[in-house]
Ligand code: AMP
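Just one chain is shown here, as structure tokens, and it is the form predicted alone.
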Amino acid sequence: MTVHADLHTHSTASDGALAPDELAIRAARNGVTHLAITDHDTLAAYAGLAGDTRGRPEIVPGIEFSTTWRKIGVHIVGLNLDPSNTELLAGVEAQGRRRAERAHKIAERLQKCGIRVRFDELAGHREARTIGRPHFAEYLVREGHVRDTASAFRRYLGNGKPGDVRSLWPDPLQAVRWILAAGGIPVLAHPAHYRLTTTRLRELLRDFREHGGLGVEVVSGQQSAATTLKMGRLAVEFGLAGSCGSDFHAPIGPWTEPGRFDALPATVRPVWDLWT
């Protein structure tokens, strides 16, 4: 069987627009054979996948943990893990508390900018289990403070803006420990998004590998061929398996469709080889 895996997607359990079953169906229609729903700091999506599994991709249980490395926000994806593992669940609970605290801090900062946040309306129609900056962005649009979500990030929520609260997240080592305890594969998510110099990116990859990291997203959504080749070379250099994913959030906007991204370079060992 040819594997066409999308190992980084989001559902309504965090900041995605589609329910888990809708996401699985959409991925299947796009030819995805293996799907990981990697919602931010929550495993809630997997409770929403009950029922008929015919026509769906094979589900690879996953999560995306928020962490801080040298004052830089870095995301660690866990793949093929046991969602019932007690140590993992304790980590998810801890992250949930951090997210709640972070949301209130963001609201306090927006208040200082003259924007009152009503938490009962923050998640809008999506009934998200975890609140993140995208929910604040949509709220700002609905309340007429900005024209669109891109403007919300540029003015209020992006890096260095009032709503950029990241100091609460743990070190990547902690996320790696939670994932390994659950028998999963720790993967450094979308490394090109951090806009690090090559030297700093090598330092991050070195630290991640020494902490027990096993994979890196060589392909993340739509990216240039040069980026894919660079990430592939770094994966080989640091002995990391290569992962790939769309980082899909919604059918509209800038998001890549599930499964619609370039293949891993032939020189890179696929991350699914670690569990098959």
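Fair warning: this is a prediction, and the values are worked out from it, not measured in the lab. The first residue of the shown sequence is 1; numbering continues from there.
We do not show the form predicted together with ligand AMP, though everything after this point is about it.
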Report task. Verify the contact flag for residue 156: yes if a non-hydrogen atom of it lies within 4.5 Å of a non-hydrogen atom of ligand AMP in the predicted bound form, no if not. Result -> no
Query raised in the report: Does at least one non-hydrogen atom of residue 174 fall within 4.5 angstroms of ligand AMP in the predicted bound form?
Result: no
Query raised in the report: Any of the heavy atoms of residue 85 lying within 4.5 Å of ligand AMP in the predicted bound form?
Result: no
**Report entry** residue 34: touches ligand AMP in the predicted bound form, heavy atom cutoff 4.5 angstroms
**Finding:** no
Report summary line: Here the chain appears without its partner; judged in the predicted bound form, the stretch of 202-210, 110-118, 94-102, 181-189 with heavy atoms within 4.5 Å of ligand AMP is 94-102
